[in-house]
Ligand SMILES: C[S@@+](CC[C@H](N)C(=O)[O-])C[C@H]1O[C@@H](n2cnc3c(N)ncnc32)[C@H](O)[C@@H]1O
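Shown here is one chain on its own, the form predicted alone, set out as structure tokens.
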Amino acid sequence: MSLKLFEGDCLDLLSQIPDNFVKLVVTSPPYNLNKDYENKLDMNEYISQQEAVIKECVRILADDGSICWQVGNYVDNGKIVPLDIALYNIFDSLGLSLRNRIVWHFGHGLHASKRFSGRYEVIMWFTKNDEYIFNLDPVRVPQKYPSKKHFKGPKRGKLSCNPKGKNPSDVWDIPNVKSNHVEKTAHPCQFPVELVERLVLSLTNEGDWVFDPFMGVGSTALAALIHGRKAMGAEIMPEYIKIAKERILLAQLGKLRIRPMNRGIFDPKNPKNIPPKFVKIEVEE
């Protein structure tokens, strides 16, 4: 089996998963904003609910695995609470180490009138210990000056940068899924597949299990399956799990379009760009 989609509370699925079973947990939990898939809670109750899920995710995580918790802001009457700050102490109390606080920047979102419009969210990347999977080469991005060479010293005349590309850094400029995005579904806060692809490729190896406790419409599962990993996730909304299954079926048929990882940000002065691509996956029963 390479895929398990569970309709229901993620804690029910987590209780069935053995210790140290998955190599990567990657998710974007509800932000306590009273969306269709959540009830707005007192902030302390929300954090307690998150803590229960995080503890179980740490339990099922392999010793060389990673947890990536992608969050934005909780907003109440114009006052914001950065959820990465609110949740950090939970991970720290469980002995996890924060390796990066990745800033996901995007160009479109709600416009604010009494503060600057928000255009980024944060991925907290944690590991259990110092021996963890990290594959940089599959996620390198093009060098800005690929032909630049050392001009003095023993390496004079040799390339001064890695010919495979450069480290993408901890600021990722990836469009969010809005109405004109090729991956858009009915979900109001959908993960772009390429955001998860970068995490899957760098933090797992082929054949590893990737788990998403708040799966939504299945972007994490798709990113894992596209790259030869196994995927597991839970979703409490029947509408979203139905869409997730439809997307995975389309991918099995080679008919699902996604935004390619190597496509640049749209520039109206240079509109030529890499078109969306069709992906094909195999799912073992």
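For every residue, the number given is its place in the sequence shown, counted from 1. All values reported here derive from a predicted model rather than from experimental measurement.
Although it is not shown, the form predicted together with the named molecule is what the next lines describe.
Q: Three residues, C68, Y88 and F91; all within 4.5 Å of the named molecule in the predicted complex via heavy atoms?
A: No, because C68, Y88 and F91 lack any heavy atom that approaches the named molecule to within 4.5 Å in the predicted complex.
Q: In the predicted complex, which of the listed residues (Q190, N73, S202, T127) lies with a heavy atom within 4.5 Å of the named molecule?
A: Looking at the other structure, the residue within range turns out to be Q190.
Q: Name the stretch: of 58-66, 252-260, 40-48, 235-243, exactly one has residues whose heavy atoms fall within 4.5 Å of the named molecule in the predicted complex.
A: Every other range fails; the passing one is 235-243.
Q: Verify the contact flag for L24: yes if a non-hydrogen atom of it lies within 4.5 Å of a non-hydrogen atom of the named molecule in the predicted complex, no if not.
A: So L24 does not count as contacting the named molecule.
Q: Just checking whether A231 would be counted as a contact of the named molecule in the predicted complex - the rule being heavy atoms within 4.5 angstroms.
A: Because no heavy atom of A231 falls inside 4.5 Å of the named molecule in the predicted complex, the answer is no.
Q: Give a yes/no on whether M215 approaches the named molecule to within 4.5 Å in the predicted complex, heavy atoms considered.
A: Close contact exists here: in the predicted complex, M215 approaches the named molecule to within 4.5 Å, heavy atoms only.
Q: Considering only heavy atoms, tell me if N32 and the named molecule come within 4.5 Å of each other in the predicted complex.
A: It does not: once the named molecule is placed as it appears in the predicted complex, N32 has no heavy atom within 4.5 Å of it.
Q: Scan 1-32 and write down, in order along the chain, each residue with a heavy atom lying within 4.5 Å of the named molecule in the predicted complex.
A: The stretch touches the partner through G8, D9, C10, S28, P29, P30.
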